[in-house]
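Heads up, the chain below is alone and in the form predicted on its own; it's given as structure tokens.
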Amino acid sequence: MTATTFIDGLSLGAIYALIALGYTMVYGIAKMLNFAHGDIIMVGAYTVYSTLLWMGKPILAVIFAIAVCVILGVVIEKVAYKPLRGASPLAVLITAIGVSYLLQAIAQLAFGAKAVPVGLPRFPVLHIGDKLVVNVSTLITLGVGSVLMIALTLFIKKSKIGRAMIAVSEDRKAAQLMGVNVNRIISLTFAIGSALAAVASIFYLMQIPNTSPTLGSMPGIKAFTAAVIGGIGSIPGAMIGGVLLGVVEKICLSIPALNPYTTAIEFAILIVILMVRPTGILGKKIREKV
């Protein structure tokens, strides 16, 4: 494994971690799996594509992508998930899958089924020493992703809203009795997760400058895998799982014999970890009260 492969793996892992944070926050606080989360990435990518097409300004494209994804995440929570707050997990799961297919269908009607190129600025390649070759976009992804994950961790642990999120995740009814606005906290959780997904979509486009209606499907599944590996509901676990999955993927892609089996190896790692530790690396066992 070369240093370039490892750095590329960390960069890809940062993307998976940002997406996984959305999964794990929603599950930890709202106790539901939002399988439409991956398609928020696709919406962010198409927002970047449309903004660049109309205005040609990357900074505005980034701002609009984050704003559109945040609004969409809150609307999805209010319209699709809030009425099912007391319903069975199966009903919520089916609704999430339905929302996912709805977003893909709307994107297909609006932009077509074929992939379209996204004209993001090209970043130069840095040659460090004789062997290390790193794209500047990789360093940007790694740096900004790390800062966002650290900032989110500090926000959850140190801020008043973050402590309210922890309280809701521990015991929703008790938090409500203590004056916490549970509906507001859950909506804010969807907003933060959607904003992180929008940022992840921009980083993803830096690596693969194309978008399609199914863009978010595989990154979403892999990010969910990363969240489960790290321990669903654990923010540090989502980061660890994302980085682990990104490094493993880049290593497998760099070895010709393992390249065709990259995805199978990633899911095999998930199976092995769950066999050894069913709650994930940093997951905690939940005690059911009777």
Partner chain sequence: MAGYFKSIRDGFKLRNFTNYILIAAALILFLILELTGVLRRSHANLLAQVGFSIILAVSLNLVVGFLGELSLGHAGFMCAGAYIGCFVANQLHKTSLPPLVTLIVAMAVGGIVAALFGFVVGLPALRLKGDYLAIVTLAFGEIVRNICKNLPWFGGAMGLPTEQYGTHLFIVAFAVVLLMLILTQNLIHSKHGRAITAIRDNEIAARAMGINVVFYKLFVFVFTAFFAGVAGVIYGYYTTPVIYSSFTFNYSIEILVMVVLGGMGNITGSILSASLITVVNFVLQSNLSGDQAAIKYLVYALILMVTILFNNAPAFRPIKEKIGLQAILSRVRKKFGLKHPSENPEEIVDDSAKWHRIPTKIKMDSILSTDLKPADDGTLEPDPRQEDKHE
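Numbering follows the first chain given and starts at 1. Quick caveat, the model's predicted, so the values are computed rather than measured.
FYI, the form predicted in complex with its partner chain isn't displayed, but the following is about it.
- No residue in the set 7, 10 and 143 has a non-hydrogen atom no more than 4.5 Å from its partner chain in the predicted bound form.
- Note on contacts: among 118, 99, 175, 149, the single residue with a heavy atom within 4.5 Å of its partner chain in the predicted bound form is 99.
- Distance criterion of 4.5 Å from any heavy atom to its partner chain in the predicted bound form singles out 113 from the list 125, 128, 154, 113.
- Only one of 60 to 68, 235 to 243, 28 to 36, 44 to 52 places residue heavy atoms within 4.5 angstroms of its partner chain in the predicted bound form, namely 28 to 36.
- Using a 4.5 angstroms threshold between heavy atoms, residue 179 stays clear of its partner chain in the predicted bound form.
- Heavy atoms of residue 254 never reach within 4.5 Å of its partner chain in the predicted bound form, leaving it off the interface.
- When its partner chain is considered in the predicted bound form, residue 169 lies well away from it, no heavy atom lying within 4.5 Å.
- Interface residue remark: residue 56 is not counted as part of the site for its partner chain in the predicted bound form, having no heavy atom within 4.5 Å.
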